[in-house]
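Single chain ahead, written as structure tokens, the form predicted on its own.
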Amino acid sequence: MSIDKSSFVPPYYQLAQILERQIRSGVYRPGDPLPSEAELSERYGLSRMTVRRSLSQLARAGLIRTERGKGTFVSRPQLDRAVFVMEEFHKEMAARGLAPGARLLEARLVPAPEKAAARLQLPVGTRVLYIRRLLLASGEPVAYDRKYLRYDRGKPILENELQYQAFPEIVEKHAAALPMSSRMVLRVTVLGEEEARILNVAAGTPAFLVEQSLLSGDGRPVGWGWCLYRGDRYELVSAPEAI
């Protein structure tokens, strides 16, 4: 990719678009350093001021961050607020005076079953990573999490990381495409016998079901799954607003 200086599109904007495409396609991943201003200036035949303007645009979009004396790095993408984040679960439990915990029940490569294959837009039987986790509050099971994700990069499956990391972070490590957005669907359901046994409640107990799809920059699904939250331990509360 090069800069077309005869184009009506300003060079700084062209460079910003080039770098954004590289970030969204995974050429540069969260935490990766970008080339220095001098390197970008030489590579694309632009002045340092033009390069700096391009980087400023990416910074305003939240795609990169600058650390004084260290350089410019790719930021972690901001997914929607409904994304399941392990850190937020731990903070919520701690705020209630409960000891947060997580237990990895299963993590293995499996042939994608029909529903997971359809959600991930893969042929049935494609090898995917399947994860089951149990979330705990002072030792009591409160949520049961199951996820499927693309396994493109072939990195080692480290159980300790899978136990505590948020879903987007796991996908980021094991899928070739970077998760850039998330789609959440909330439903009310009742627990089946296996789910109720794992959550230590009676079968038929009401629960919240949160289905989540993680999408790459081009809209391709890279992760899908669902988490069941015990209805007797969770409630939905809106933020206060003026009337």
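Note that the rigid core is defined as the largest set of C-alphas that superpose within 1.5 Å between two forms. The model shown is predicted, which means the values in this text are computed figures rather than measured ones. Numbering starts at 1 and runs along the sequence shown.
Same protein, other form: the form predicted in complex with the DNA, not shown, and the subject of what follows.
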**Fill in**
Only one of 197-205, 184-192, 211-219, 40-48 sits within 4.5 Å of the DNA in the predicted complex by heavy atom distance, namely 40-48
**Item:** Contact of residue 53 with the DNA in the predicted complex (heavy atom, 4.5 Å)
**Value:** yes
**Request:** Classify residue 11 as contacting or not contacting the DNA in the predicted complex by the rule of any non-hydrogen atom within 4.5 angstroms, answering yes or no.
**Result:** yes
**Any non-hydrogen atom of residue 31 within 4.5 angstroms of the DNA in the predicted complex** = no
**Message:** Is it the case that residue 60, even though its partner is missing from this view, gets within 4.5 Å of the DNA in the predicted complex, heavy atoms only?
**Reply:** no
**Fill in**
Across 171-209, the residues having a non-hydrogen atom within 4.5 Å of the DNA in the predicted complex turn out to be none
**Prompt:** Fitting the rigid core first, would the Cα of residue 228 be found 2 Å or more away between the shown form and the other one?
**Reply:** no
**Asked** Is the C-alpha displacement of residue 71 equal to or greater than 2 Å between the shown form and the other one once the rigid core has been superposed?
**Response** yes
